[in-house]
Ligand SMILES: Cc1ncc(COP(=O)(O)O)c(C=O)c1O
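Form predicted on its own, single chain, as structure tokens, below.
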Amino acid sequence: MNIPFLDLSKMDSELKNALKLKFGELLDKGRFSGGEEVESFENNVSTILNSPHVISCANGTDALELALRALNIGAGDEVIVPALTWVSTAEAVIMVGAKPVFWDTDRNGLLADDWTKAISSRTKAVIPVHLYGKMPNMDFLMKKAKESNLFVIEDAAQAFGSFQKRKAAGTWGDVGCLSFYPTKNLGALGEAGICLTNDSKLATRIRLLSNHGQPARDQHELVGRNSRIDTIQAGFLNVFFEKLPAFQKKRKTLAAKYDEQLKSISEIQLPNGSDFGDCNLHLYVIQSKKRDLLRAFLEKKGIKTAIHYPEIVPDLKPYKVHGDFEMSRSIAKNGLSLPLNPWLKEEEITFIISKICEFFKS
């Protein structure tokens, strides 16, 4: 078999035709910025996630930067971020002039509960990252943040559709930041993102910041930037919304199969905390000290895998700091993302599992 980690060209013909039809409709209307499709997209997100204020933007990285700027976080301020994450989490902090303060993660790659030890007199916010779609204990995190008078900005880029106590990822903190990069559970055919907030004044400020500080054309109330979502991408996402429940059901069915048939292999640590009712199962990441050998073996069998992420952010050149990030480094060294997407066939998952079992038996 030849099994890619993710191949978006494998979308079914019905979905492809719906996307082509949507593009044709938008082309005929001639509206490519703002308009009904964007409003519909924001309303769809608001309904699904039960978020009163949804502000679409160009991408998930911009969402983080807009959130930080809206909260007046900048030069001289510190923001606590997990050591294991995509660079955008720390990148956005630096882009507004603040300093990211890295902290270790737990065995699931989530910000460790003792993150409060990183608080200083300059700390203004904490950014929990819902890595792989999993969420830390948000009740506990929000309580600790409130006690220290800190803002909470959720990096929920990988967590659209994840819930905790029936409350969606991105709706717990002051601002939730989501990405609709094509590889996400709900992905556009290009770049797109959103900010979520329960605060109407904060929502107004974020929307102004994302559109040159304009409440209306040629009226400028503050210095903003251009981070509007494309109407075409909003239209495509509106099409994908219809498929999302089926896609999520498929992910959970396949992940359950991985769980059931790999749990007996002692040399593998399966994802922990991926409650099938709450987690969106964006990525299925196992851990093994034989990660690199296993990956090479699977590659020879035609199975593509991925590593999220091979290095922790504080070890990367632009963000280099010294520190003991033992658990984060362990996941970076041992973590392996197995194929998991709606276009995988059950026989392909069975083949992947059989080859993993074959590797560890040999």
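Numbers follow the displayed sequence, beginning with 1. As the structure is a prediction and not an experimental result, all values here were calculated from the model.
Omitted here: the form predicted in complex with this ligand. The next part is about that form.
Exercise for the section: Decide yes or no: are Gln269, Leu281 and Ser337 jointly within 4.5 Å of this ligand in the predicted bound form, with each residue judged by its heavy atoms? Expected result: No.
Practice task
State the residue from Ser210, Thr89, Thr197, Thr105 whose non-hydrogen atoms include one within 4.5 Å of this ligand in the predicted bound form.
Solution key: The option sitting close enough to the partner is Thr89.
Practice task
Identify which of Thr305, Ser51, Thr61, Asn44 has a heavy atom within 4.5 Å of this ligand in the predicted bound form; exactly one of them does.
Solution key: Residue within 4.5 Å of the partner: Thr61.
Exercise for the section: Examine Arg251 and determine whether its closest non-hydrogen atom to this ligand in the predicted bound form is within 4.5 angstroms. Expected result: No, no contact at 4.5 Å.
Exercise for the section: Indicate whether this ligand has at least one heavy atom within 4.5 Å of a heavy atom of Phe163 in the predicted bound form. Expected result: Phe163 lies outside the contact set for this ligand.
Exercise for the section: May I ask you to check whether Val129 falls inside a 4.5 Å heavy atom distance of this ligand in the predicted bound form? Expected result: Yes, Val129 lies within 4.5 Å of this ligand in the predicted bound form.
Exercise for the section: Using the partner position in the predicted bound form, report whether Tyr181 sits within 4.5 Å of this ligand, counting heavy atoms only. Expected result: Yes, Tyr181 sits close enough to this ligand in the predicted bound form that at least one of its heavy atoms falls within 4.5 Å.
Exercise for the section: From the candidate stretches 150-158, 111-119, 287-295, 136-144, select the single one in contact with this ligand in the predicted bound form, where contact means a heavy atom within 4.5 Å. Expected result: Going through the listed ranges, the match is 150-158.
Handout entry: Within 4.5 Å of this ligand in the predicted bound form: residues from 282-313 (heavy atom criterion)
Key = Just Tyr309.
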